[in-house]
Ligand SMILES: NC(=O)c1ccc[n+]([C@@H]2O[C@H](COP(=O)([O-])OP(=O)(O)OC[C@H]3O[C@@H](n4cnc5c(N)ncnc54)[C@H](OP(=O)(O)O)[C@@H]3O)[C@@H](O)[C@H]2O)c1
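Starting off, we have a lone chain in the form predicted alone, written out as C-alpha cells.
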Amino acid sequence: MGNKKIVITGGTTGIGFTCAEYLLKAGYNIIITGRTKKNLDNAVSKLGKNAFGILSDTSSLSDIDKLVSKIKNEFGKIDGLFVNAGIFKAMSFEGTTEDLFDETMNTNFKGAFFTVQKFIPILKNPSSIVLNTSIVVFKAFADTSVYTASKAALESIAKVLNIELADKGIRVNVVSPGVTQSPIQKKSGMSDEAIDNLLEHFSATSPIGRIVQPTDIAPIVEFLLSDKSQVLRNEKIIVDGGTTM
C-alpha cells in the first residue's frame, strides 16, 4: 500500500484499534484519534511504527476543525477515512433523558456527519470513506432506541454522499457489525452479568458458533478502504456471523 494514509476516528480500543493494527500490517500509515491522552498514547505505543495519534473528541466541531487542520499541515491529503468513533449507553425508551439523547447523537451522528464534511477538502481523488454503523439499524434490541436512531441516521446519508461527492472521486460505503466483543459494552452501563449473558446468547445462536471479534471486521474495513473496492458505492457489508439471516 506504500504511503497510503488512513484516518480512524476512535482508534484507541475495540474495532478502531484492531483495524489500525490490521492496516499497519498491510502497509498503510495510520492516524488514530482518541478523547483521552492516556488511552491515545497507550494505543500509539502499542501500534508502533507508522502509527500516529491526535487527541480529538468527535462530538466537538471545534476539535474536528483542529484535527483536519493538523492532519493537513503534517500529512497533507489522505487516502481514506474510517468514521468509527461512537458511544453506546443502554437505556429504555421511557428512561432516556435529553442529556443521553444529545450525548449519543452528538457523537454518533452529528459528529460523524461533520467529520465527513470537514475532511472532504483533504481527501484525495480517488479516496474512500467507511461508516461504522450496526445491525441495530434493521434488527430491534431493547434499550437501544437512541443508539439505533443515531446509527440509522448515519447510514441514511451514505447514498446522498455518494451522489454529491462523486465528482471528487470520493466513495462511501458502510460496515455493519453485529454484537461484537468490545470495550463498548463495558462503557454502556450494562452489568457484567448482562454483558456475559448477551455474549453467550449470540455465541450460542450464531451459525459460526462464537461471538464476532474485531479481528473479523478489520479485513472488511481494509477491503472497503483499499483500491479493491473502487467500484463500490453505498454498499453495506454486514459482519455478524449470520445471526440476522
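Please read all numbers here as calculations on a predicted model, not as lab measurements. Quick note: we count residues from 1 along the sequence shown, nothing fancier.
The same protein also has a form predicted in complex with the named molecule, omitted here; what follows describes it.
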>> Is it true that 23, 127 and 225, all three, sit within 4.5 Å of the named molecule in the predicted bound form, judged by heavy atoms?
In response: no
> Exactly one stretch in 90 to 98, 116 to 124, 163 to 171, 147 to 155 has heavy atoms within 4.5 Å of the named molecule in the predicted bound form; which is it?
Replying inline: 147 to 155
>> When the contact criterion is heavy atoms within 4.5 Å, does residue 15 count as touching the named molecule in the predicted bound form?
In response: yes
>> With the partner left out here, check for me: in the predicted bound form, does some heavy atom of residue 57 sit within 4.5 Å of the named molecule?
In response: yes
> Is residue 53 close enough to the named molecule in the predicted bound form to count, meaning some heavy atom within 4.5 Å?
Replying inline: no
> residue 104 near the named molecule in the predicted bound form, any heavy atom under 4.5 Å?
Replying inline: no
>> Using a 4.5 Å cut-off on any heavy atom, which residues of 26 to 52 would contact the named molecule in the predicted bound form?
In response: 34, 35, 36, 39
